[in-house]
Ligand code: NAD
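Take a look at this single chain in structure tokens; it is the form predicted alone.
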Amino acid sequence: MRVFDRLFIDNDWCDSVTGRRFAAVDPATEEVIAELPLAGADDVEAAVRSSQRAAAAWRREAPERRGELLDRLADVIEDHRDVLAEMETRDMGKPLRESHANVTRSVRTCRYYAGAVDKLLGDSIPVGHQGYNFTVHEPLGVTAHITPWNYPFANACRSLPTALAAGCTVILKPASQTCLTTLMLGDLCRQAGFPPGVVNVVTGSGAEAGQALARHPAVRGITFTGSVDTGRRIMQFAAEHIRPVVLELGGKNPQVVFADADVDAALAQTLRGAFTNAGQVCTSVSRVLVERPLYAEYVERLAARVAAYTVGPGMEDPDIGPLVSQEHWTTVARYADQARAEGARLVTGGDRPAGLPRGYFFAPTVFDQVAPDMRIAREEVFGLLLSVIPFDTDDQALAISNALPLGLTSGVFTRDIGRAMRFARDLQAGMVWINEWFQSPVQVPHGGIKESGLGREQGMLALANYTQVKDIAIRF
């Protein structure tokens, strides 16, 4: 397996100006699998200059040509799907089947925006018989895409095809924990035929490379997925030169399960929602609210299923792989200790699994007797800790669900369609999922409200992230 271990600028590979490097670590073995360039401000400047040179021609490229290249990129990704999946698993830790699913989704995203390129329509606006008035959507220009470590390839492929379809050039800055598949994506774009400078990839720290990119005045739009605190800083940087931002930030997502729900289906979706990607998902189920008559049964059945999960290296395709890093393992363990100290009852898990002394493994964990004001019920843990909270009335469930400053997604499980629709109306979240979790295919707008972010990715709506509207008026 070839590892791409240099910066990708102007369709070529180069070292960082300073020559500094940092380690990519396999979270299952703690072994260094690559040494990658630690980009600084000079490297970011080179990437921005490359993107600027390419922007003028790319914005004028015929829509059908941009679509053709995106379709070709989808083909090239499919041709490399096995290598990409293995690289993602070794770099991030997730089970191999999940990495394959991420690659499949990325292919679908490229094909979707290949078909959307010529459907970015303006409006003809009636202004009377003395003239015409119409609008056009123009690309922003150079755009920065600062992506998270939990879905490095899929998140890069969530915004990159959208920006390219709209006529923008793209600079990708992956999280320092997981760079390998994003660097390979740069090479796949070259193979697909994208001109030099249309896609560039720089690696390094958020504090240095990420900040230099977000503050660069030639960057005209910023897309970021990550923490609320970093999102606030990105907004401040964007304000310096009045640029639009798209932010998907934290989530503390409630799943409300009523006593009349299909319990087997609800359990399956709780498990899927809470423990996919070792719970390292912005849209994970992190607190499940269960109506009191069903509560004891639900906790018991949930615990039995979780205790039976296999945990191991992602390349062995277990139920659950490792957490991404030692730092993150320590954070999750600290939250588990805090939950015990505050009086939550540990039902299963809570520490390193037996027989796995090496690697960043943590057992899938369920706490019940969780009060809504405990830290584990209020703060985003981002990994393998599920809180189960009882409720007695619809109003109580809504109040608990809406009490936090976050509002990414939420779910309702009930056979009562009237109740489901009332909750869909009243839940304070950007996405409400009824009787299933993770209902967010590429054609559906994806994003949060409150401190969970701004704007929407996916769907036709996302094309607006990378364009500005120009109004043209003609007087006879």
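All residue numbers are counted from 1 along the displayed sequence. Computed from a predicted model, the values in this text were never measured in an experiment.
FYI, the form predicted in complex with this ligand isn't displayed, but the following is about it.
Note on the partner interface in the model of the complex: the residue among Y295, F258, W329, W149 having a heavy atom within 4.5 angstroms of this ligand is W149. Though this ligand is absent from this view, in the model of the complex it lies within 4.5 Å of a heavy atom of just one residue from G210, P161, G186, P95, which is G210. Although the partner is absent here, F237 is a contact residue: one of its heavy atoms lies within 4.5 angstroms of this ligand in the model of the complex.
Of the heavy atoms in G221, none are within 4.5 Å of this ligand in the model of the complex. This ligand is not shown here, but in the model of the complex it comes within 4.5 Å of a heavy atom of R233. In the model of the complex, at least one heavy atom of E248 sits within 4.5 Å of this ligand.
The stretch among 149-157, 353-361, 129-137, 268-276 whose residues place heavy atoms within 4.5 Å of this ligand in the model of the complex is 149-157.
Applying a 4.5 Å heavy atom cutoff to this ligand in the model of the complex picks out E380, F382 from 369-389, in order along the sequence.
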